[in-house]
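Only one chain is given next, in structure tokens, and it is the form predicted on its own.
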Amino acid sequence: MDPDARRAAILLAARAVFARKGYHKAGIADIVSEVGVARGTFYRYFESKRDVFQQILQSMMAEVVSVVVPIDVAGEIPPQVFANLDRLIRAITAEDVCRVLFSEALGIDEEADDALRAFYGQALGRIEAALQTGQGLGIVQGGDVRLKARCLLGLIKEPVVQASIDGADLDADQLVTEIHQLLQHGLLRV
């Protein structure tokens, strides 16, 4: 196996181990056993368990961010918003992403906390920019875009986190539909 493929295999195995066992219960022995390499091979590519975890965390964050594509304001906007929402929900409800990003990464150390803060800051920034654009186009109601962005982030993230905490199955299609309906029609009947 060439070095890039070996490194990728170790990352994939570590991702599976962290998702299954959690950061604190997982060890290098679990990772090398999962991938079928010697401990020394692991250390050729990664300095420590923390190092490989940080790289997995960064990879997951990049995966989640990459599924949201810019809206083409010349096209019909609601279907594009729905498509972004669908891709985003599917990305964060993947079992490994959900567990690592929402359960395991927080509180490991300052570096992981900084990475999560940056991730959420980037997410909020993108939502704010989209809301500002929508307000400028007259398709998003007026108001504080920063506060609206935080509410939207919670609306997307919190059902996933709560289902994970409860060990409950979450139907991604149903979540996408419910959030989409809330965005389009609101919550209260007037």
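Only the largest set of C-alpha atoms that superpose within 1.5 Å between the two forms is called the rigid core. What you see is a predicted model, and the numbers here were worked out from it, not measured in a lab. One rule holds for the numbers: they count along the sequence shown, beginning at 1.
We do not show the form predicted in complex with a further copy of the same chain, though everything after this point is about it.
Of the residues given (33, 132, 58, 162), 162 alone sits with a heavy atom within 4.5 Å of a further copy of the same chain in the predicted bound form. a further copy of the same chain is not shown here, but in the predicted bound form it comes within 4.5 Å of a heavy atom of residue 187. Though the partner is left out of this view, residue 108 does reach within 4.5 Å of a further copy of the same chain in the predicted bound form, counting heavy atoms only. With a 4.5 Å cutoff on heavy atoms, residue 47 does not count as touching a further copy of the same chain in the predicted bound form; it lies far away. The closest non-hydrogen atom of residue 152 lies within 4.5 Å of a further copy of the same chain in the predicted bound form. In sequence order, 131, 138, 139, 140, 141, 142 are the residues of 128-142 having a heavy atom within 4.5 Å of a further copy of the same chain in the predicted bound form; the partner itself is omitted from this view. Core-superposed comparison between this form and the one not shown: the C-alpha position of residue 170 differs by no less than 2 Å.
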